[in-house]
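We begin with a single chain expressed as structure tokens, specifically the form predicted alone.
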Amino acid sequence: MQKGVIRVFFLTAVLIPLLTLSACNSTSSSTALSQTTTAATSSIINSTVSTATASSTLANTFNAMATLGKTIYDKYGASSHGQNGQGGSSPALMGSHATLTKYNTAQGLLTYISTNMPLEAPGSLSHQDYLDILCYLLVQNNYVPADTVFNESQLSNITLK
């Protein structure tokens, strides 16, 4: 992403003014130079957008969100569900004793946790926090491949078996 920003900066601050000055000195080639400058600008901007899109996609994988979710889980869920989700004063959320199947789908689990958790302040986290925790639970229980791109509209298609 930084390379793309540097390219755009170089293009706008150095290359375009230099090419424009050169074009002013040679009127016969100014049209060709203008077209070349426009094509170069378009190419660099498209490259920057592609880089930004790729970075955005990587940030939206289940694994990336699960990493954030673990931090939130550690803060709000680990004291009752166990540090590793093995259960404690509340049911297990990870491993062979996990009780997630009763929610049928990832959407069902999201609905439950976002309205009932954390126990001492139900529904108090942001929607994104609940999504991150959900991704953490789904990845830890192998319901989804970690590198899968997250798409909230597909949660009802993820069956918890």
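This structure is a prediction, so every number in the text was calculated from the model and none was measured. Counting begins at 1, following the sequence as shown.
The protein also exists as the form predicted in complex with ligand HEM; that form is not presented, and the subsequent description refers to it.
- In the model of the complex, ligand HEM lies farther than 4.5 Å from every heavy atom of C135.
- Interface membership of T99, defined by any non-hydrogen atom within 4.5 Å of ligand HEM in the model of the complex, is confirmed.
- The closest non-hydrogen atom of S90 lies within 4.5 Å of ligand HEM in the model of the complex.
- Not displayed here, ligand HEM is kept clear of A66 by more than 4.5 Å at the level of heavy atoms in the model of the complex.
- For the partner-free chain shown, T99, L100, K102, Y103, L109, Y112, I113, M117, P118 of 94-118 come within 4.5 angstroms of ligand HEM in the model of the complex, judged by any non-hydrogen atom.
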